[in-house]
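Single chain ahead, by itself, as structure tokens, in the form predicted on its own.
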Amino acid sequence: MAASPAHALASLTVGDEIATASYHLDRGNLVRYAGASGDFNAIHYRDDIAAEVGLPGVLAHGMLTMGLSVQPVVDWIGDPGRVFDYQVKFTRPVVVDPKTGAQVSVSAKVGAIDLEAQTARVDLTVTYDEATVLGKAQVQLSFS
């Protein structure tokens, strides 16, 4: 449900969960993302290369995880132009199993509100395999 900027900011409270989502990633998603982004690093599609460099398996692209994670907020606000800042710290890789894939879950909660500036900060909790994969994931939204 998209927020109407004219009244949405006044109705928010710090701690409100505004959006959730869950994404299933498989190796096909990684191939498509590699083609779209131009990131053909072999750790994103070859188990042998991932193992050679000490990784637990083929990893989802960090920017794919980051992009998926902000999408529920964009859907909620209804206009990607209202996102004026988005930052994350990559804390844990998302390993995409060749058979079962990987499930990434997102919860978006209001972290701060600035009525004077007509902005809000939304804090994302992004998890895979019951562990956080993006730290200090914060989206700044404009309501003006």
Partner chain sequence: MAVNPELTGRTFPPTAPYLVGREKIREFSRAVFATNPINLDAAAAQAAGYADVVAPPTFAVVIQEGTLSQLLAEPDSGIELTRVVHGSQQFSYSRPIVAGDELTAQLSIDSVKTLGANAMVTAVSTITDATGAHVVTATSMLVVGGDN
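As the structure is a computational prediction, the values presented were derived from the model and not from experiment. Positions refer to the first chain, counted from 1.
Heads up, the form predicted in complex with the partner chain isn't pictured, but that's what we're talking about next.
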| property | result |
| --- | --- |
| Contact flag, G81 vs the partner chain in the predicted bound form, heavy atom cut 4.5 Å | yes |
| Proximity of A51 to the partner chain in the predicted bound form, heavy atoms at 4.5 Å | no |
| Partner contact for V106 in the predicted bound form: the partner chain, 4.5 angstroms, heavy atom | no |
| Contact test in the predicted bound form: Q118 vs the partner chain, heavy atoms, 4.5 Å | no |
| Stretch 48-80 - residues with a heavy atom within 4.5 Å of the partner chain in the predicted bound form | M63, L64, M66, G67, L68, V70, Q71, V74, D75, G78, D79, P80 |
